[in-house]
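Below sits a lone chain in structure tokens, taken as the form predicted on its own.
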Amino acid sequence: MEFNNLKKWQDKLHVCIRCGYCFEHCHLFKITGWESDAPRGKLVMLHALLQGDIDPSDSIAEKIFECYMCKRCEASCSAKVEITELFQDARTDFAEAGYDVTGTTSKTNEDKCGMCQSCISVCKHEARSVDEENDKIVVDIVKCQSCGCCVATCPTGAAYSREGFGLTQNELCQQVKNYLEGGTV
């Protein structure tokens, strides 16, 4: 696999001093506690890929696509690494290589979709479009930044995000229920 877009970041990957300040602000790391979910862990993986120390895989691609692109990691980065732009280029390379992963990107349940195109009109990243030939809504996994606007707007519940990161409607409702019942969030 060629990393044509990621190669331009090779020198920036060396700038990361591995301080871990990005951990403090990463939603995924707070949920899982796994180094591979934190920006620093992902930067280490990308560096190893570029050096040929590890081979590309579905699991690595999945980790790179597991990011909400909120840029909070960048705001706390003492080395000023442009982490989300770097991840965006890595996503492009994985997608161009044919990796079809979900990560935190939104999806569309075609059985529920009424083709109202509300999700398209609210997507500020232009990640959703109509596949005219197949008459369905498609999501560009590289452009999707997991903001959730499409999920919140969809009147039929056809637009959704993968559960497990604590942000889907079901997960948030369960957290509220647990809190109200005196449990933990």
Partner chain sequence: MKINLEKIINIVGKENISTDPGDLLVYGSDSSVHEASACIVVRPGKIEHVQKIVIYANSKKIPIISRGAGSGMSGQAVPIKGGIILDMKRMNHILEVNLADVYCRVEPGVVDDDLNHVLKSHSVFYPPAPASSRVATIGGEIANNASGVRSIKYGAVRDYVLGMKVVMANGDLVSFGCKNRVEAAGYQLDRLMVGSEGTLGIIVEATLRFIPIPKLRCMGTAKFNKLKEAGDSIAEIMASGCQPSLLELMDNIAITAVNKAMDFGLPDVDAILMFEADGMVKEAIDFEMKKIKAICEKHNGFGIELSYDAKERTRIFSGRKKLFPSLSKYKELFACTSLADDMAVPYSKMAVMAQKIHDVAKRNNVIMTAYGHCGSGCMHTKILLDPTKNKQWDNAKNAVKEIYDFVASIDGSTSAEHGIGISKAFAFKKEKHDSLNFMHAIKKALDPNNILNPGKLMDAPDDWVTATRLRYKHN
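Numbering follows the first chain given and starts at 1. Keep in mind the model is a prediction, meaning the values are calculated, not measured.
Beyond the structure shown, there is the form predicted in complex with the partner chain, which is absent from this document and is the topic of what follows.
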item	value
Interface residue in the model of the complex among V130, C70, A48, A152, criterion: non-hydrogen atom within 4.5 angstroms of the partner chain	A48
Candidate stretches 115-123, 155-163, 23-31, 139-147 - the one whose heavy atoms come within 4.5 Å of the partner chain in the model of the complex	23-31
Contact test in the model of the complex: S78 vs the partner chain, heavy atoms, 4.5 Å	yes
Heavy atom of D53 within 4.5 Å of the partner chain in the model of the complex	yes
Exercise: E35 in contact with the partner chain in the model of the complex, heavy atom 4.5 Å	yes
Contact label in the model of the complex: K177 to the partner chain, heavy atom within 4.5 Å	no
Triple contact flag H14, G41 and S59 to the partner chain in the model of the complex, non-hydrogen atom at 4.5 angstroms	yes
Stretch 131-154 - residues with a heavy atom within 4.5 Å of the partner chain in the model of the complex	none
